[in-house]
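Next come structure tokens for two forms of one protein chain, structure 1 first, structure 2 second.
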Structure 1
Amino acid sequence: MSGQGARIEYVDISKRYGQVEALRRTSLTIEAGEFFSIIGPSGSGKTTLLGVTAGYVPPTTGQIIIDGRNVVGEPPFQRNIGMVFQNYALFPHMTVAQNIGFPLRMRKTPRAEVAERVRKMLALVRLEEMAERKPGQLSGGQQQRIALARAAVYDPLMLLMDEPLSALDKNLREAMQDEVKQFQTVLGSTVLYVTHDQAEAAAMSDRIAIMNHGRIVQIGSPRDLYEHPVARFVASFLGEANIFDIDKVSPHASGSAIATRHGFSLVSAIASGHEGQCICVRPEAVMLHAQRPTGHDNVIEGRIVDATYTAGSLRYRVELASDVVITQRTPSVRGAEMFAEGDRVFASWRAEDTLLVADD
């Protein structure tokens, strides 16, 4: 059952609907066995890329090379790719066992082997006792697991997943993330996972591509993208970001000195800063002090406008200037003192945490 997933190479792939460029020329390689996610807002081209891969959307240009074979032009049923749909698309008129056996029957697999492989997949997703039920009698999470089993039972070259967890409630969604990840590890499949939920993608993926307006803006590991975003869109789409607009950049002993448009100046460790960028500071990088700290790279006085406590962490909104409110987050230690709304505070962060990104 466990095979190695395939390596997928997209070469200059694009899709145009009339005047609309749903997907601009994109080249991308997904390694064998990789869990690769695509995130982006709706209309960013991620669903188009999925449809082009599955084969029900013909691309305008380009090639998709799966294990050395160009599959563009092949109908979906010849590609040997497994797909999990947003609402599972389990056939309502077939039992769970018939659903999982469907791809094997289409391949003229002998009856005894179909039964054996269906049994093994049901065991893998721990739903043996549901074999004779109809999908409508199963819970959302169970249907999700059956959809996974059906998409993987025939050892496909890769698994495509289109927002497979979006229909589940929050707690179940988090449990299913582990389940999907474990399923992929056991089978060793290459996974292309599409979602608009950045936290979900970060929790599961080896690498993530962020898409916007039909093109990939940045590719990297979840940590890479969070710590080194290249553009304002990436910085604010993945996690929270405090963004400052730049007025003027000049050289500085430890990198760049930046005059912001908000009336204060900041220091960044990045030496090659220039106008046309903006500054991104992550909420975790910011420290708050009651007294003006000494020896810190960036210190700005402000006022707490909102203080919230959420399961294990403190989250403050701090007004630094009349038009700038930043977010600050720290894990809460038991008994730690909290600032109150209206307190005067000093916000500080290191030059290394003053990121310069393209202002798109």
Structure 2
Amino acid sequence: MSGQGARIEYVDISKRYGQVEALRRTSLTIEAGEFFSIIGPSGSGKTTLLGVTAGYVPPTTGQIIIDGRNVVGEPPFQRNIGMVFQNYALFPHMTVAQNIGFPLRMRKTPRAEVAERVRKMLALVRLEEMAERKPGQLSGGQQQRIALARAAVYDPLMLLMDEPLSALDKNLREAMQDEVKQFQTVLGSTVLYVTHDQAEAAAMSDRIAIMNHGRIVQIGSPRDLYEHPVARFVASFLGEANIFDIDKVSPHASGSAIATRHGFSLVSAIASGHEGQCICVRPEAVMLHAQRPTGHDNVIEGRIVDATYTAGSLRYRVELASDVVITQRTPSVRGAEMFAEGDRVFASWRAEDTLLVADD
């Protein structure tokens, strides 16, 4: 196994079906060895981009350059790309070892080399004892690990993964996220990962592209996208966001004084005009107080309309004036102030956490 991923460059790639632009002109570079994810709602173009990369979907325009070679026009089997599917696509009549070795046999690899590569891949996914079993005798997580091993056994230039964990239950899916990431790290492969699960992408990826209406809206690390969204869609799609529509912005000593359309007066550390912008405040940036706090940048009175405890965190829904409801989330720690439905509270957050983003 080479342990060296490929650099992928998309140059003005697009796909049109009649009058429908499934993928608008897109230019993008995925670096060698990078774990790159694409997320977006149904119809956003992420599956089209995956299909164009694999060779199952011919692009309307553009080039896909893999390690310096334009592969547009080449059939899928010549692109040296491994695929991992949502349904695993294992052959039920073959043993685990035969499934993993299948791509090598199709390439006329010598029998001794096939056996050695299969042995190494089984060790990598820690399923050596399952070599002679059939896929139907394995759990969902074990089948997914075999699918990973089969996709990587012939040293493909990159791995494409299409919703590979979506068929698993929540706990197993979270465990498999670590498995997949460790697998990729050991191999050094370049991965293009498509998922609808934002948390999954954030947990695994070096960078993420968020797509909507056939185009990439923003690319960045999970932290950059969460803390610095460029648009309302990005802020709302990646995690929870409290959004306020802007009515007027004026200069302020801290940056900007903002009047919202619901009559709230807020302060942001960002000095900017408001044309085509709105405010985003993340739930964990909001603090709740039983009494009006002093010295805080943004303070709004409200009432708790829902209080939920889940997995060590507290999540409150707070109704402010004008029927605006915001979300607040905080870790549950001993001695923390607790609120109940109906309690009167004051919500506050710092000027630095009042983000100005483009309004979609």
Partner chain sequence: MTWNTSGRLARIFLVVFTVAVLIYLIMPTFVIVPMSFSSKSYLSFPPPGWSLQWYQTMMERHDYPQAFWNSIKIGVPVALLSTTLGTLAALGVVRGRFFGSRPMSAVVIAPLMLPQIILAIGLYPIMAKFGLAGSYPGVVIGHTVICIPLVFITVAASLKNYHPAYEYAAMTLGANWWQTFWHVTFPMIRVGVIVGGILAFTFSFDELIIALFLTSPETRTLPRLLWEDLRQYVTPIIASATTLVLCISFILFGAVALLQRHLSKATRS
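Here, residue number means position along structure 1's sequence, counting from 1. Note that the structure is predicted; figures quoted are calculated from it, not measured. Think of the rigid core as the biggest set of C-alphas that the two forms share within 1.5 Å after superposition.
- Where the criterion is the form predicted alone, structure 2 meets it and its counterpart does not.
- The two forms, fitted on the rigid core, differ between structure 1 and structure 2 by 2 Å or more at the CA of P92.
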